[in-house]
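Shown next as structure tokens: one chain only, the form predicted on its own.
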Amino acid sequence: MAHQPLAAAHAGEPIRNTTLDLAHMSVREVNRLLHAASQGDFLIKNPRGLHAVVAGLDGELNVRIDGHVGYYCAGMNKRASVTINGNAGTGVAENIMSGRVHVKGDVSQSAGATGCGGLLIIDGNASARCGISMRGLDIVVKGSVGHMSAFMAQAGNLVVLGDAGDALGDSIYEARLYLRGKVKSLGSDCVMKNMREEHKTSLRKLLDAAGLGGTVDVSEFRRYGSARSLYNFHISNLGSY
């Protein structure tokens, strides 16, 4: 099944409606095929919680994964659109550069870690450290997030329709956090900020991109960000670093 699509990919032709079955192919074989393709539509069956599925994609690909995946699914994604019809383990969309990753279930810790661009949509809940050290990625979580989400987040947006655990935005830089539910506690240097019209407009675009349309009112959200008191070292702030 893999040989014919791979030949087409080398020829630069689009690959349409190709089914790849991880019950009969290895993750390495599937990833190698997808890395060779510049465009195309793919369905991946029987992921069975395997790790690093569709990692390192770089092409105009539409990939649907039917089932649960393990660690680092869609890591280092660039340009591709990946939909996971299930749950995802640690580090889904880790270091994503561009494109779109949509998880229809829940995700484990460190979702979107160090992401530089693109959009990560999580229909369920996210565990600890969602968006840790993100650097331009936009994340929309329709459920809640765990402790230390957006830790050291440098740029981008984290939108949470549910609640947030302890230490939200700890040591945050210039990322923007939008929360509709309750926050258990804020991390060091993270404070609530004014929700200006420009932020409402930005949030509306993110909600629309996540398929929420007019079903969610932006006025229900609060904005959080950096107080900028830890940007420069000062001895009186030693306990906060």
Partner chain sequence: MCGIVGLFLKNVALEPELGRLTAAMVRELRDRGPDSAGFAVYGEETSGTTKICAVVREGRLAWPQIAKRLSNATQASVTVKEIENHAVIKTEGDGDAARGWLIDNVPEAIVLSQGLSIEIFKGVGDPGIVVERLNLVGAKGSHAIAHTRMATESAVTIAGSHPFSTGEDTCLVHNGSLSNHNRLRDLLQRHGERFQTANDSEVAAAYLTWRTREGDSLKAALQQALQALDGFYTFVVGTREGFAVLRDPIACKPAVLAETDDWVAFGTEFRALATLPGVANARIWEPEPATVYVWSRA
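Keep in mind that this is a model prediction, so the values were computed, not measured. Residue numbers count along the first chain shown, from 1.
This protein has a second form, the form predicted in complex with the partner chain, left out of what is shown; the following refers to that one.
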The partner chain in the predicted bound form reached by all of R100, K142 and D163, non-hydrogen atom within 4.5 Å: no
Listed residue that, although the partner chain is not shown, lies within 4.5 Å of it in the predicted bound form (heavy atoms), from K200, H51, K193, R64: H51
is_contact(S127, the partner chain) in the predicted bound form, heavy atom dist at most 4.5 Å: yes
D170, heavy atom within 4.5 angstroms of the partner chain in the predicted bound form: no
In the predicted bound form, S108 touching the partner chain (heavy atom, 4.5 Å): yes
Contact of S81 with the partner chain in the predicted bound form (heavy atom, 4.5 Å): no
The partner chain in the predicted bound form: contacting segment from 66-74, 175-183, 202-210, 36-44, heavy atom within 4.5 Å: 66-74
In the predicted bound form: members of 79-94 within 4.5 Å of the partner chain, any heavy atom: N87
